[in-house]
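Given as structure tokens, the chain that follows is alone and in the form predicted on its own.
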């Protein structure tokens, strides 16, 4: 694990030198949040209205939190870089290094997110407190309890995106699959909570990574309960184990293919 810690630290230091570039992404984030604040403000025209069990403040904070996770973890490391390493042949050099390639990519990804996520979190807190107000019933202990779920959700998201990138061992371009996966995560569970959708579909959504990546962590922050916490955490542990097993399986098959074809 020490070698991956070194990779993480080097990427973290490198990312700290480009905080101005990261800050440029705040523009898109601010525009989206501004639109959704006014959209939900219009939808909740009558004071005390509940939509899918959410108050106006809960709904706006939910969108802000999921968009925070979305923007704060946006990185080309597990998508474009991994695909280019495979298609460009750089994987033949990297896979002979004294580390596992997939864990190397994940260490780089986490290093980048360790800078991006706190910056977006600070901006989100500032916007939320000034334009929406504090969330009723929220306590600092809620954030501390939900933090492991947030980190697990980010890791699961990275693992599944890396699995898609590893398909580049067999296909020319994995971008269409990334596009489809990102749109599913963005629409179901990020822009809208699962409760917005028909009840018949909600159990199905809870069996997908959507439940563990954005919806679960955000739901815990706006409406924490011990039962929901245990449910989300258990689902995340199962999905992380399944995702890692799939990631190592695809990578192993891809490397074997390279050896069979002479690298």
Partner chain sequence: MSTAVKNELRVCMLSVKYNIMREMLNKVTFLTNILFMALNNATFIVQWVILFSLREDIGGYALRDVMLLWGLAASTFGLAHILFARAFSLPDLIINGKLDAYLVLPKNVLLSVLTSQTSVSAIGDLLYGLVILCVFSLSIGRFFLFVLFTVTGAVIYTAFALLMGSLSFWFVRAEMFAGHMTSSMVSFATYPDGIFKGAVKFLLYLVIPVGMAIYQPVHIMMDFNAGRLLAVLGYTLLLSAAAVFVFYRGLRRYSSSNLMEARG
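Treat the numbers as computed from the prediction; the structure is a model and nothing was measured. Residue numbers count along the first chain shown, from 1.
Note that the form predicted in complex with the partner chain isn't included here; everything after this is about it.
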Counting only non-hydrogen atoms and a 4.5 Å threshold, tell me whether 113, 118 and 127 all contact the partner chain in the model of the complex.
no
Consider the chain as shown here, without its partner, and state which of 180, 141, 122, 136 has a heavy atom within 4.5 Å of the partner chain in the model of the complex.
180
Partner-contacting position among 226, 207, 234, 39 - heavy atom within 4.5 Å of the partner chain in the model of the complex:
39
Using a 4.5 Å heavy atom cut-off, which of 101-109, 166-174, 75-83, 143-151 contacts the partner chain in the model of the complex?
166-174
Determine whether any heavy atom of residue 94 comes within 4.5 Å of a heavy atom of the partner chain in the model of the complex, and answer yes or no.
no
So in the model of the complex, is the partner chain close enough to residue 254 to count as touching (4.5 Å, heavy atoms)?
no
Though only this chain appears here, would residue 10 touch the partner chain in the model of the complex if you measure heavy atom gaps against 4.5 Å?
no
Should residue 186 be classed as touching the partner chain in the model of the complex when contacts are defined as heavy atoms within 4.5 Å?
yes
When the partner chain is considered in the model of the complex, the residues of 1-21 having a heavy atom within 4.5 Å of it are 20, 21
